[in-house]
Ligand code: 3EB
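This document opens with one chain alone, in structure tokens, the form predicted on its own.
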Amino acid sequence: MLKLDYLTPESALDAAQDAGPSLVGVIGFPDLPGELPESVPRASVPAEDLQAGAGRGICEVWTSREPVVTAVDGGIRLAATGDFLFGVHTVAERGAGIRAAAERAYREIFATIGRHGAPHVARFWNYFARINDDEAGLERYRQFNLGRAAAFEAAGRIGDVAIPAACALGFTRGEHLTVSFVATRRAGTSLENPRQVNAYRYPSQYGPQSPLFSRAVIQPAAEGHLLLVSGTASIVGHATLHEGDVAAQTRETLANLRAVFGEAERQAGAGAFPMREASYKVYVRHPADASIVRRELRAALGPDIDAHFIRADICRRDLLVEIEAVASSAVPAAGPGLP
């Protein structure tokens, strides 16, 4: 089973050294700890830390209780452990634009995970600069969706039963697309939100290509289930609600998260994924809004919620906050409704 911790760079280095051969990967927002083993999957994302002690940075540290084998294949850093394959791929735009970078990155990822015996993807994280800017007459996020879809289609993954969970966030600088992912040897179960239109069925007003992701994936493993929740925002049906009101958007986002966690427990069993015990990564468009979002989360989920705040641009210009989650459950790996 994969385990996720959010730590300062200093604590992340200690954790990485303590984990030793159990270290799976590290993503730094914005900085990585020094002295990581060369083959360990890692990336540095040019994001601003919005924690109470802003400026320290946050590191996403993945570990495993099972043996970990690392490799580099075609520029993609990989860590295989049990049924899981964690990877990080960074592709330079080199003037070709985000559409070409996305298609290249995803084509290469799909080819690589097939070679390593983990053909199913449970979760993608996508990070690139200027997500809401126009490029060649179309918003860069919409260009990204075109490139991603082209790679899905080329790999025969359109209509795939287990559609991956995903997010896409933007930053003010950088000329690279960074994609991290969790791939698996056996397919998980994709979840949707009854309050929302499935993202891959959005109408054309959101771009010529709908975004290809599910709201969450439950991934069975030997020790239980891993729940990977996509970036979630203030969208009901397919429309953004509460434009300009970050507190109301946060409350609507929490309602959507409750709906997704409810679907997860319907599949895995009641009580499998308590929301208060999940880990949350919170992307906030305007740094001044972080305290408001934090207040709403604590009011809803308690003062001890494991939530970590990053400044980022969201995939729609009218969205002010996006929240993702990771949770695990020790219930048996074959719960009701799961393979």
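Keep in mind it's a predicted model, so treat the numbers as computed, not measured. One rule holds for the numbers: they count along the sequence shown, beginning at 1.
The same protein has a further form, the form predicted in complex with the named molecule, not shown here; the description that follows concerns it.
Think of it this way: in the predicted bound form, the named molecule has a heavy atom of just one of His120, His89, Arg148, Arg140 within 4.5 Å, and the residue is Arg148. At a distance threshold of 4.5 angstroms between non-hydrogen atoms, Phe213 is in contact with the named molecule in the predicted bound form. Not displayed here, the named molecule is kept clear of Ile113 by more than 4.5 Å at the level of heavy atoms in the predicted bound form. When the named molecule is considered in the predicted bound form, Asn126 lines it closely, a heavy atom lying within 4.5 Å. In the predicted bound form, the named molecule stays beyond 4.5 Å of every heavy atom belonging to Pro220. Screening 180-188, 70-78, 164-172, 262-270 for residues having heavy atoms within 4.5 Å of the named molecule in the predicted bound form returns a single hit, 164-172.
Taking the named molecule as positioned in the predicted bound form, the only residue of 234-251 that brings a heavy atom within 4.5 Å of it is Ile235.
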